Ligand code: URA
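So this first bit is one chain, no partners, the form predicted on its own, shown in structure tokens.
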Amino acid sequence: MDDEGERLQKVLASLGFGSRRTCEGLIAEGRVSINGVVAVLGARVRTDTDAVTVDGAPVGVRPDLVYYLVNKPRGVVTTAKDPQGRPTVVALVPSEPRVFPVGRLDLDTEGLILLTNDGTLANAIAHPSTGIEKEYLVEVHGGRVSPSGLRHLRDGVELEDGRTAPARVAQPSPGVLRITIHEGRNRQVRRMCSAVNHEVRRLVRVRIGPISDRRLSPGDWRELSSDEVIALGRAVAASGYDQPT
């Protein structure tokens, strides 16, 4: 790579946006920006410093970026280190390059969590304004949740830090809920269920935006495909997230 960087269409093609000709079309249509400025054909990008977006979605162009999907088991903390010596989610993935979790799952919550060294995309996904959906399977004490309880969960319940936003809630079997939220408050799903008098017995996150994987066993991980990374970026853009300049 010379001092001017790599050709933009080459970088986009390597990330999975299509052939170089397809990527040239994206650029010609004004759908690609570098550092907030609409790119033109022939533009070059410095992959170590430049910020690139496609259709408003942040695109990680650094060659060392990695994106891991982890199925966090119960009893694992979502930190890099734990002073109490408990197992950490970071220890489940390769130690190099260094990555960090995107958001948190509490100690007793299981399921999908992303780990990455792409700070731009991580901040966008975790930002309160983003509204990326998170879907959970919830087993509650007390058996079937009443129609009134389901309605409260869907419409929003009053918590100590304010009323929750409307949620999508289904009850596929008595005492088992499928809840989709787009907020990220601390222990939100547990507190929502408690507010309708059903304490959580088991909580598993099964989807983050467009990302899910029923075949990933607890404690296992895999890298996201380029299509999945692109889909995450597009989900962020669709949410109306305003990327800092």
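The first residue of the shown sequence is 1; numbering continues from there. None of these values were measured; they are calculated from a predicted model.
One more form of this protein, predicted together with this ligand, exists but is not displayed; see below.
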| property | result |
| --- | --- |
| Interface stretch in the predicted bound form with this ligand - options 181-189, 32-40, 47-55, 210-218, non-hydrogen atom within 4.5 Å | 181-189 |
| Answer option from 155, 106, 161, 96, heavy atom within 4.5 Å of this ligand in the predicted bound form | 106 |
| The unique member of 203, 27, 59, 177 whose heavy atoms fall within 4.5 Å of this ligand in the predicted bound form | 203 |
